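Consider the single chain below, provided in structure tokens and representing the form predicted on its own.
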């Protein structure tokens, strides 16, 4: 049997293991497909032909595609295309690798931005070069397991899903192909976020407008890499080959790595996020699987939506904020001093030992009124 035969056998086995497991199969039996919708008693179909259609090209995090903070008109149909990519990913400075599952090739997947009451129209593509079934569950959508029951596709297939963004906020999306495949795909990197802005933009607790000069998207990812008898991280020929070992590590609930944007150091050094004194930055932070506690060392959360929902008044002046597993949050901060700011998960063990650290590099003039070194280090009594 040659390598191509091995590939085909592995693919068939993994597809069989993923097929409509558990609750997904039950829901699929009750959800109308594109060909069944006319037979269902549903509400009036929107006249989408009369709405503006906008094609948006997604960009890799931490960057975010161009968008308006305040909507210039009524609802639109916002069209996105995402391609699923199964790829080997180096996740630390020691060369540790995982067989990642990704939306558009990045961990996390791209941040999508729309406004409340816009229609999100996503074309999801699963190339024939992949081995696994995939789908997408939008926490921001309503019905059909967040769209997961309408988007399950095999390698070599694509699907188009449309849903209305009725709730403003930042929300997780992730792959959820059914049963034990769900956590495996999520902790292999297959998650991202969508931001649904209020049509009139962000507001503080008194209804005053809030704006940002820049937005960055930080996706926190927990990886579960198996070790060999000597404690070294193991490598595998394919994702399927490592599945059993990885599940054993997953069941310990103890990640081997907790990182931002796919790898240790992905947002530090030359990859640090940048700003200037006086600029206001919106930080969108998601964690599809575990609770986390972001903290900006040397700064604060001026306005923070810990639950990520923009209809709620933001908390103010936070030192550290909480994001529950399976959700996203957002924080606004205006930088007041230049220098390097560390942005961390303030479980400092995870930040320092497992990798959940990012940097902001901020340019500008130092303000002695906010901080000054009164005396340089000298011998005691000097």
Partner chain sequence: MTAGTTTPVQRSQSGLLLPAALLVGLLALLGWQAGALRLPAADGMAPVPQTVRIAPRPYAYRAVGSFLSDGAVVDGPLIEVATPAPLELMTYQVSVGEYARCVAAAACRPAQPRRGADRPDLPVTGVSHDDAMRYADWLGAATGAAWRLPTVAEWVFAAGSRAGDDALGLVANTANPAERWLAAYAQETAAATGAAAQPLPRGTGGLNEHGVADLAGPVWEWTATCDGRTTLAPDGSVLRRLEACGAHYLEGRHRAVMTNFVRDAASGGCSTGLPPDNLGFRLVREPGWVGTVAGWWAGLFGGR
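Computed from a prediction, not measured in an experiment: that's the story for all the values here. Positions refer to the first chain, counted from 1.
Another form exists, predicted together with the partner chain; not displayed. Remarks below refer to it.
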{"item": "Which of 70-78, 225-233, 306-314, 140-148 sits within 4.5 Å of the partner chain in the predicted bound form, heavy atom basis", "value": "225-233"}
{"item": "Listed residue (237, 244, 93, 88) with a non-hydrogen atom within 4.5 angstroms of the partner chain in the predicted bound form", "value": "93"}
{"item": "Position in contact with the partner chain when the complex is considered in the predicted bound form, options 56, 51, 352, 324, heavy atoms within 4.5 Å", "value": "352"}
{"item": "Interface membership of residue 257, the partner chain in the predicted bound form, 4.5 Å heavy atom rule", "value": "yes"}
{"item": "Non-hydrogen atom contact residue 272 with the partner chain in the predicted bound form at 4.5 angstroms", "value": "yes"}
{"item": "Residue 297 within 4.5 Å of the partner chain in the predicted bound form, heavy atoms", "value": "yes"}
{"item": "Partner proximity in the predicted bound form: residue 82 to the partner chain, non-hydrogen atom cutoff 4.5 Å", "value": "no"}
{"item": "Check all three, 342, 363 and 366, heavy atom within 4.5 Å of the partner chain in the predicted bound form", "value": "yes"}
{"item": "Sequence-ordered residues of 192-224 touching the partner chain in the predicted bound form, heavy atom within 4.5 Å", "value": "none"}
